[in-house]
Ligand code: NAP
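The chain below stands alone and is given in C-alpha cells; this is the form predicted on its own.
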C-alpha cells in the first residue's frame, strides 16, 4: 500500500477546504485496513476513514494522523429468488454505480437515491435518503472492522438503530466501526404510486402514466431533477445538502401553517412533521446570498457552495448566520448534515 504525506484535505473533500493530513493511504482490502489501523494505534496517531469526501467538512488545522481512503470494492449477488435479490457491495464502491447496477437488473429499492455522491460505506452512517427512499428500507446488515475488539463483525438492521439521517455510526458508536461492506435486499416489483411529491410533479409534467413507471424511469427522473436543483461538486465545491430537514412536533407545523399556508410539510408519524430546510432558508430570503464566502445555492437553498471561502472559519460563520436567521423567524434550529473530520467515520 502507498502512504502519502502532507496531503491537503481540500483535495479529498468536495467542499474544497481544510489543511493538510499528515498521512493518507488507500486501502483495497480488509487486511490492509486492519494492518494500517493497528500500526497507527501502536504509533498512537489518530485515524479517520473517508470514502468520497462528499459529506465531510475538514478543518483548517488539518489532521495530525492517518487518513484511510476506503476503496474496498466488489458487488456480489448472494441470493436470488422470484421476488427479491440480495446484494453485498464493498464499502469503497461508488454509491451511484451500485444504484445503476440494481436498476439495470430491474431491482427496486434505491432507484430514487440515484445521483447521491459518495460511497456505499458512507450510506449507513447517515442513513442516506432521497425522494421517498432511504438506505434503511433495503439494508440487511453490514460488515465492519470493530476498532475496539480488533475483529470484523456483522451488524444487523437492529444494531444500526437507523433514524432520519442518523445511525449508531454517527451516534453512540461514533469512531468504533469502519464499514467494509453492506448487504441489501431488493425487490423485483415495479415502483407504484403514490410517489414523492417532486417525483409525482415531474412525471405529470412529462406526461408519464404513473402505472407504467419502471425503476429506470425513476432513476432518469431523479437524475434530471438533481441536475437542475443540485450543483455538481466537481464544478461548484459543495457537500450536498448542508442542513437536515427539520423534524418538528405536529402542533408546531400546524401553527406555522396558519401563517405560511404554502409551507410544504411531510408527516413523519402521528406526532411529528418534516419541514424542508431549503424552504425555511429560502423563506428567510437567503437563497442566492453569499455569506462569508459561502453561497446559498440559487437552485436549492439547502446547499452551500464554496464561492470564495478561505477556510473552515468562513464556513462556520456562514452556517451560524443561517441557523440564527431561521431560528429567529421560525423558532426552528437547523442541524448540519455533513460530518466533521474529527473522528473515525466514513464520509
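Positions refer to the first chain, counted from 1. These figures come from a predicted structure and were not determined experimentally.
Just so you know, the form predicted in complex with this ligand exists too; it's not on screen, but the next bit is about it.
The stretch from 142-150, 208-216, 241-249, 75-83 that comes within 4.5 Å of this ligand in the predicted complex, counting heavy atoms only, is 241-249. Not displayed here, this ligand is kept clear of residue 118 by more than 4.5 Å at the level of heavy atoms in the predicted complex.
The closest heavy atom approach of residue 306 to this ligand in the predicted complex falls outside 4.5 Å.
Contact between residue 230 and this ligand in the predicted complex is found at the 4.5 Å heavy atom cutoff. Using a 4.5 angstroms limit between non-hydrogen atoms, residue 100 is distant from this ligand in the predicted complex. Relative to this ligand in the predicted complex, residues 165, 276 and 337 are all within 4.5 Å by at least one heavy atom. Think of it this way: in the predicted complex, this ligand has a heavy atom of just one of 88, 256, 198, 136 within 4.5 Å, and the residue is 198. The contact with this ligand in the predicted complex, taken as any heavy atom within 4.5 Å, belongs to 226 out of 71, 176, 188, 226.
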